[in-house]
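Presented as C-alpha cells, the chain that follows is alone, the form predicted alone.
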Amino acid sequence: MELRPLGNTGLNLSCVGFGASPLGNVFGDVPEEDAIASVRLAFQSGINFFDTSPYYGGTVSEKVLGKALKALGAPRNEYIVSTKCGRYKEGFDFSAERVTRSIEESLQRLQLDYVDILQCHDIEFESLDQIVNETIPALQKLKEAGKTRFIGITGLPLSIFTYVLDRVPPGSVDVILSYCHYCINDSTLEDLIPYLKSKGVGIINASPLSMGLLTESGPPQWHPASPELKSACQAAAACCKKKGKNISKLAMQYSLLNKDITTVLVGIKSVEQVEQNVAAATELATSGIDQEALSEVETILNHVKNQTWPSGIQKN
C-alpha cells in the first residue's frame, strides 16, 4: 500500500484510509467480530489510517474501532487515528468547554492516550468565526497537552476551508477533510489544492463514491443530490455493469490518481470491502486505470459535472 505525506505533519498515510463510520451501524448492523476482522485485515494489508467520530452511531464507531485496534496488539506508532469533535448525536457544540471534554471521552472509547488528528466536524453548521476564535485555540491547548498531535477541519462546502485558513495563525490547522468533491462526478477540490499546498495543509479526500451515487445499488433514500444527478450516476453505473466493469472500483481508482491528495477515505464495514479497496489500489499501481471505461462514465456525467448540494448555514 502506497504511503503519502500529509502536509507538513511528518505523517505518512496509506493512500486508502479506513472510514470507520459504518462500524457505528449507520449503514446497517455490523457484528463486532466482523468489524474487528476488517480492521485487522486492513492493517495487515498496509492501511495505517483509521478515521472515526463520536457522531457516528452515537459513539458506537469509536468504541468498536477502539476494541479492534486494541485487538491488533500492534505498536501505537504503527497506525494513525483521527477522530472529531463538535458534532454529536445531540447536535452541534464547538464551544471550548465541549471540545475539551469531547477528546477525553473519545480517548476513553478508543482506549488510546492520544489521537494523531483531532478534527472539527462539519464546521459549516455553526459560526465559522467561533471555529476561528474559540474552537481552534482550544484544540491548540489540547495539542500542547499531548491529547492530539495535529488539528483538522471538515465539511462539505469548499469555501469554509479558505475562510478559516485565511483567519487562523499559519500552522494552527494541519489538515482538511473534504468529501464528495474529488469524485468522477465532482472534482472541484482540485481547484483548491494549490492554495492548500501553499498553506502546508494536508488533504484527506473522503467519500470517493459520492455517498453512494457511484455504486451499482445507488445512494440511500436520504441522499441530498438532485434527481438529475442521481439519474446520471445511475446511468453511468448501468453502463459499467453492462460492460462487466464496476463503477465503484473505477471511482475509487479515479480518486487515488491524484498524488496531491494524501489519502482517500472510504467507509468500510467488512473483510470483503477491505479486499475490494486494497485490490483497486493494487491494480491501479500495477496496471493503471481503465481509461476507456472512465471516458465513457465522464461523458455520461458531463452535464451534471461538479453539481453539488447545500450543506450547513448557507451564509457561511
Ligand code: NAD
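Sequential numbering from 1, following the sequence displayed. From a predicted model like this one, the values you see are computed outputs, not experimental measurements.
The same protein also exists as the form predicted together with the named molecule; that form is not shown, yet it is the one meant from here on.
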Whether Asp51 contacts the named molecule in the predicted bound form should be assessed with a 4.5 Å heavy atom distance threshold; does it? yes
So, in the predicted bound form, is Thr148 in contact with the named molecule at a 4.5 angstroms heavy atom limit? no
In the predicted bound form, does Leu177 have a heavy atom within 4.5 Å of the named molecule? yes
Whether Leu65 contacts the named molecule in the predicted bound form should be assessed with a 4.5 Å heavy atom distance threshold; does it? no
Given that the partner is absent here, state which listed stretch (282-290, 263-271, 36-44, 66-74) has heavy atoms within 4.5 Å of the named molecule in the predicted bound form. 263-271
The single option of Ser187, Thr215, Thr100, Thr162 touching the named molecule in the predicted bound form, heavy atom within 4.5 Å: Thr215
None of Ala206, Ile80, Leu142, Ala225 but one has a heavy atom within 4.5 Å of the named molecule in the predicted bound form; the exception is Ala206
Is any part of 71-94 within 4.5 angstroms of the named molecule in the predicted bound form by a non-hydrogen atom, and which residues would that be? Lys84
